[in-house]
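To begin, one chain is listed below as structure tokens, in the form predicted alone.
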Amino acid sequence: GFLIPYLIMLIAEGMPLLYLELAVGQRMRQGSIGAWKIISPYLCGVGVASVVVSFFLSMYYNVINAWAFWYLFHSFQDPLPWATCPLNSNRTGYEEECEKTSSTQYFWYRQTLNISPSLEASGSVQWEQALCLTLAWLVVYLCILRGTASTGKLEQLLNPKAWISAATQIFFSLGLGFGSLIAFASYNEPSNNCQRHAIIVSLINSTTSIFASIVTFSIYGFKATFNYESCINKVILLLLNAFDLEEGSLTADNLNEMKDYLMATYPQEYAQLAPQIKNCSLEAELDTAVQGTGLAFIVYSEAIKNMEVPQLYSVLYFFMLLMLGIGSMLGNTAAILTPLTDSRAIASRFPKEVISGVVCFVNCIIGLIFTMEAGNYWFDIFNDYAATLSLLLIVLVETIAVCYIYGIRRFEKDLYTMIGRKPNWYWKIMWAFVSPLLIISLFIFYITDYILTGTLQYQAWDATQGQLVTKDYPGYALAVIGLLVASSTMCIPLGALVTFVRKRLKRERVATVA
């Protein structure tokens, strides 16, 4: 149900918009703010919106790298700390919370996040995670300095949520709308074949994503089947002991029939035992699969612990995850730093090292919010709402600006000047019609889904049950969500309004002097 929307979004949005952003950056030779100002002074807000979204992303995204450092450091232990449940304080059994869930989930929610039961219970900063976050930002800063010094300028078909998720996946994986592509492309040689790069990068990115999803869902299936069989075995053992049944008389195949028989034959005894009898369901196990950031840390650690020499694979996996995360952060911080360093007012007063250091320091301080006991809930808020709607609006305005303000014929001539040939019918149809209409449809889907959903909800960890439960967001969280969306989307109309007012005042001053 997700693969078809994903492939359609790749063809209709991913490749065309990646090509468009690379071409704009390469032609205009500016960061996101400067590039769109060249196309039209009224579009300065588009670049500002991209920088704001990138800043929001930087605030929380590096926490993933902090978690990767945390797991990497623990990967050298034998056995792995998430391989088994820890003993309780009396050392007479396992921790109750861990017994009700799994060792990998317990390590994630309790020993890594030390998560609170709700968003309202904010708790304190977890110093281990805060140190890992500081380390992650230090690595990013050192990589920025190294790059600055040595490289310089280098180059579910009917469900609206499935389409929105597919578009979000495409936008995030390719970096559309963040301004980082425009920033990097501005460093390309003017004759660089950005069309070829757009096709190659899009295909490689999506092939990698699809391959990773095959592995992920295989692990999902294994984990769900394992949990289901464990649940069945626990129920069978419970009933065998409680009713003194013969060994082998109760199996997974006849469990439901035997439960009905025991309920009818021993109603009082069965009623007393009923609270301990779990309702095992493979479908329920699959439906409650881990989503979001927990995917990388719960599901894959579940697979790693069952491998031969798990420490080796754990180190390799989390080191790989760390490299991917650092690479993403470098691209994201470039989207913030390039417009700042392009600004003469800032660049003339401060060296790049100072500007980079201030950006990293500010993001690190704000990011401490995500290391609190309720930090994971705030992480989900930023992850779900800081960029999704904003990216749709930014990319929509970008396509309209290039095709109908700058002019698609003029853009064709620019591409011919750069790469020696004009774009074919596919690119022009996607830029001018298909991509904008599809984005507008996603807007409608998004707003409709929000209206039909009503109160926004989140998944909170219930330690007593050892599982996630659904809760409504408190009022102040809804206000933060509104501010996240408005602060980036409103940059576009406000930028146009400020430009209009400035031009109007300038004309009045000229008229007065005359």
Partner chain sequence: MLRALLLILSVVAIAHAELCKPDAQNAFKVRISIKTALGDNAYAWDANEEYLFKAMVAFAMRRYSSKSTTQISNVLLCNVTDRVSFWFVVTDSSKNVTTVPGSEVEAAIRMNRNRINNAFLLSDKTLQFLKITSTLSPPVEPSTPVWLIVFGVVLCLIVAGIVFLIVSGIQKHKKKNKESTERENLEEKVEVTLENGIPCEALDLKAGHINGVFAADDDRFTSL
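Between two forms, the rigid core is the largest collection of C-alphas that superpose within 1.5 Å. Remember, predicted model here, so these are calculated numbers, not experimental data. Numbering follows the first chain given and starts at 1.
Another form, the form predicted together with its partner chain, is not on view; read the next lines as being about it.
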property	result
Contact flag, E128 vs its partner chain in the predicted complex, heavy atom cut 4.5 Å	yes
Contact test in the predicted complex: W461 vs its partner chain, heavy atoms, 4.5 Å	no
Non-hydrogen atom contact Y141 with its partner chain in the predicted complex at 4.5 angstroms	yes
L135 within 4.5 Å of its partner chain in the predicted complex, heavy atoms	yes
Contact check for F73, L240 and D244 against its partner chain in the predicted complex, heavy atom at 4.5 Å	yes
Partner-facing stretch of 232 to 240, 379 to 387, 340 to 348, 410 to 418, counted where any non-hydrogen atom is within 4.5 angstroms of its partner chain in the predicted complex	232 to 240
Candidate from I365, I429, I440, L145 lying within 4.5 Å of its partner chain in the predicted complex - any heavy atom	L145
Contact residue in the predicted complex, chosen from S124, T251, N256, Q77 - any heavy atom within 4.5 Å of its partner chain	Q77
Post core alignment: F73 C-alpha displaced by 2 Å or more between this form and the one not shown	no
Large Cα shift (2 Å or above) at Y266 between this form and the one not shown, core-fitted	yes
